[in-house]
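The data below hold one chain only, encoded as structure tokens and taken in the form predicted on its own.
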Amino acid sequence: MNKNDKLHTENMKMTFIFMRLKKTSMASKQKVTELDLFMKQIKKKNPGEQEFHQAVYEVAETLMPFLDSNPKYKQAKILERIAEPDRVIMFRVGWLDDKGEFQVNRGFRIQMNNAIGPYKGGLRFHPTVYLGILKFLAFEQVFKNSLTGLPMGGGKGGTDFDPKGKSDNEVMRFCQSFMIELSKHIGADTDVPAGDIGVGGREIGFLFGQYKRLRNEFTGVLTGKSIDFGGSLIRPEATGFGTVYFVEEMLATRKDKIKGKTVVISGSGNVAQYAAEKVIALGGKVVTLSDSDGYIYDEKGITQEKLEFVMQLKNEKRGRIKEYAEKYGCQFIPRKTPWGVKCDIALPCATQNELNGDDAKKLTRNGCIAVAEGANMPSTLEAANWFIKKEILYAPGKASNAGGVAVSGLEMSQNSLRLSWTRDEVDARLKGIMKSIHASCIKYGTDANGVCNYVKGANIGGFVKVADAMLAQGLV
């Protein structure tokens, strides 16, 4: 081959490489543009609902490549349909306080998707509640419920009523007024609410009593009920226990265990309490709990005895976590979150967007190897992306905190069968469900390098079941 022929061959190779790179670049740009266009429509239809935008973006970002490989879902616009609620119910709630003064709050129920079962999701009583937060929670609930393998659709509801500082009689009057309207839209085979932030056993009892009175029927329309009238054993513990069971599964992929690990937990409510209990039982050391005032740091570790004090403080006295520091002589850090504390495992169990990008960097610098969300979307997108980039074992809430709704589903089954399973039976089923969710994440989220992206795995795993049901049922 002469010099000119060699030069021609090299030029042809360079042209081919350039064209291939250009094609790849255009394809990449097309994907980005497609995601941008999708999110532009979401924001246009749902202005000002930042939490909802964040939740949809996080799912859409991981699903777009999967949809490209599975055009049947794309052609039927399944993601667009899942992102649009089946029904949004908004209503006025009037009630009388103890002074005899009339008060007005706003109630909501978002019935997001019922392709695989009745709408299922909690009720949140908190002054920050507005349409965007409940839509984000309902959207996440669709995927979470799908991952459990149980026949439950996704929904969420709540109100801007704040139960803090209210008497039992005020809470009862509010719940009864709230249920007068909500009862028109729910039922054991239609929509089954549960508790969430601000809605515990007391509120569920008042809500169930009013529903029974209005409808003249005793049915499994609410979950999280007392054992005395149709509740399930392990239900109060389920979200916290399930989160820790998921951490066990993640650590097992690296031949590791919770025993001997230092664990940082945010929150001090139901989820945080039982996550701490399970960590302690498995030989881990919990060093923090928090509330809206700040966090406590107990370097010696929170024992079962100390945890019982927290449960009494929070569940009965409705006190503040700083009282723990006063009693046990440990540090209380006001108006801060605990993510700067050195730990092996972090469990954000308080509220949405409580852990940001800077917090994520602090955790990894301090040697954290696993993060599992006990709350709903407690990590910002920046934090989640950082954990994924650093190959931290990071479980999104729709996977790791699905234990609560899983046992709610088991409560529905027990109500339908008119029987109760033992504590061990329910706990074994819960553990099996969390193991199954983890397996689904591994199936859909493991990259070519063998590392599992749990966000991608949970999103695709939750999407497929709902999407296939929607395709089978046609355009409804």
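Bear in mind that the values here come from a model prediction, so they are computed numbers and not experimental data. In case it trips you up, residue 1 is the first one in the sequence shown, and so on.
Below, we refer to the form predicted in complex with a small molecule, which is not included among the displayed structures.
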| Heavy atom to heavy atom, is Lys300 within 4.5 Å of the small molecule in the model of the complex? | no
| query | Should Arg335 be classed as touching the small molecule in the model of the complex when contacts are defined as heavy atoms within 4.5 Å? | reply | no
| said: I'd like to know if Ser177 sits close to the small molecule in the model of the complex, meaning any non-hydrogen atom pair within 4.5 angstroms. | reply: no
| field | Interface membership of Ser232, the small molecule in the model of the complex, 4.5 Å heavy atom rule | value | no
| Per-stretch contact check against the small molecule in the model of the complex, the hit in 87 to 95, 250 to 258, 145 to 153, 233 to 241 (non-hydrogen atom, 4.5 angstroms) | 233 to 241
| query | Can you pick the one in Thr159, Ser379, Ser268, Thr288 that has a heavy atom within 4.5 Å of the small molecule in the model of the complex? | reply | Ser268
| message | Exactly one residue in Cys349, Ala399, Val279, Leu207 has a non-hydrogen atom within 4.5 Å of the small molecule in the model of the complex; which is it? | response | Cys349
| said: Taking a heavy atom within 4.5 Å as contact, would all three of Ser292, Lys314 and Ala375 count as contacting the small molecule in the model of the complex? | reply: yes
